[in-house]
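Next up: the same protein chain in two forms, each one alone, written as structure tokens (structure 1, then structure 2).
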Structure 1
């Protein structure tokens, strides 16, 4: 039996990863400062250590007290716009927090590590699909902290027996069950739902991009599928000493306008969108190649966009 500690496990993605790891037969401990996470998302049989990942002595104690085999590091600030306004806060939370965790893991002798990275490391790629060996060109302090975290992970493994996988999340949506929905409103689908709830017109940030319908194209991945990718990564880290980076997406591009069409189908009425100006920093297209994770870890997505939107809508109205 292995035990995995999830930093940020009380968050939207973390709550799903808890349940997937438990279903795979692994024990789970959550370490979360509840600054954005919710204690109600942590099952009663999962210990919750309420500290900030920057508290190295507390993290080291948690790793030792629970005989932790591996860590999934989800705790980070992830609002791109906020990172532009408050870069120091993002470097403290995402980079200092990472440093503290890696030092705690070294002291406790924890040897497996799954790191939550992001498609934001790519910035604006120069081509339709982006693979793991593409040039990294993050365009926000948030994206830069994710690249730094990947570098820190890779370098920490050079000097000790650390088996690691960095997962570059593309656009996460949906919910495995209504109580696990995304309660933050930072991304497209919850932002559309909020506009509808408030009687506002959902906005399309630019329809003059060089794409078929003029709106931005992204690679949307169901959080349940993303969660299973963490189980596959944990199993790989347990089985061998490795160090790899994987895109986690569906490998399929969907435009903002196409998302709006699916929202209309799910809610059963037309969505009257408003075309707004482009949002600074948005690449026209960001779609993953996902053959590497399929080949190495045997993982691929199983849910489609309609399942993402319908499960998100059900959670939004729960």
Structure 2
């Protein structure tokens, strides 16, 4: 039996990853300081260690006390705009936290590691689709911290037996069940729902990008598909010593305005968007190539955008 420590497991993505890991037959321990996560999202049969990942001694103790064999590291601050306004905070939380975790894993002898990275590492690529070997050119402190996290992981594996996979998430949406919905103030779809609830017009940040309709283009991935990608990565790390990076997306670009159109269809009325200024650090287009993860891990997305929006709307109204 293997046991995986899931940092940030009380959050939106983490709550889904817990359930996918459990369904695969693995034991799970959650480590979360609950600064943004919700304890109610952690199942009653899953231990919850309420500490910050930057507390190395507490993390080391958790790894040892629960005989942890692998770590999925989700805990991080993740808002692009906020990272531009508060870069020092993002470096402290994301980079210092990563350092503490890697040191704790070394002390405890934990050898399998799945790192939550981001498509933000790419910045604005010069081509329509971005592959894992593209130049990394992050345009925000958030993206920079994710690049540094990948470097730290790669370097940590040089001198010890660390099997690792870095998953570069594209835009995550949807819910596997209503109680696991996204409550983020930074993600597009819940931002739309929140504006509608408050009687406001949902905002599109910029309509003058070099895209067909002027709004940003992104690759949207259902959180249930993303959580299964973590299981595939965990299994691969357990089976052999690896050091790999994978995009996690659908390989299909959708503009923000197109997302708004799908939201209108799902809720049955025009959301009547308002165009706002661009946000700092937002690239015009980010769409994944996903053939590598399909080939190596046998994973591919199964949910489309309408399923993401519909499940998110159901969760929002639960």
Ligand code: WQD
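We call the rigid core whatever largest set of C-alpha positions still superposes within 1.5 Å between the two forms. Residue numbers count along the first chain shown, from 1. These numbers were taken from a predicted model, which means no experiment stands behind them.
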Original post:
Quick one, which of these two is the form predicted in complex with the named molecule?
Top reply: 1
Original post:
Superposing on the rigid core, does the Cα of residue 47 end up 2 Å or more away between structures 1 and 2?
Top reply: no
Subject >> Threshold 2 Å Cα movement between structures 1 and 2 at residue 27, rigid core reference >> reply: no
Subject >> Threshold 2 Å Cα movement between structures 1 and 2 at residue 267, rigid core reference >> reply: no
Original post:
How many angstrom apart are the two C-alpha positions of residue 277 between structures 1 and 2, if you fit on the rigid core?
Top reply: 3.2
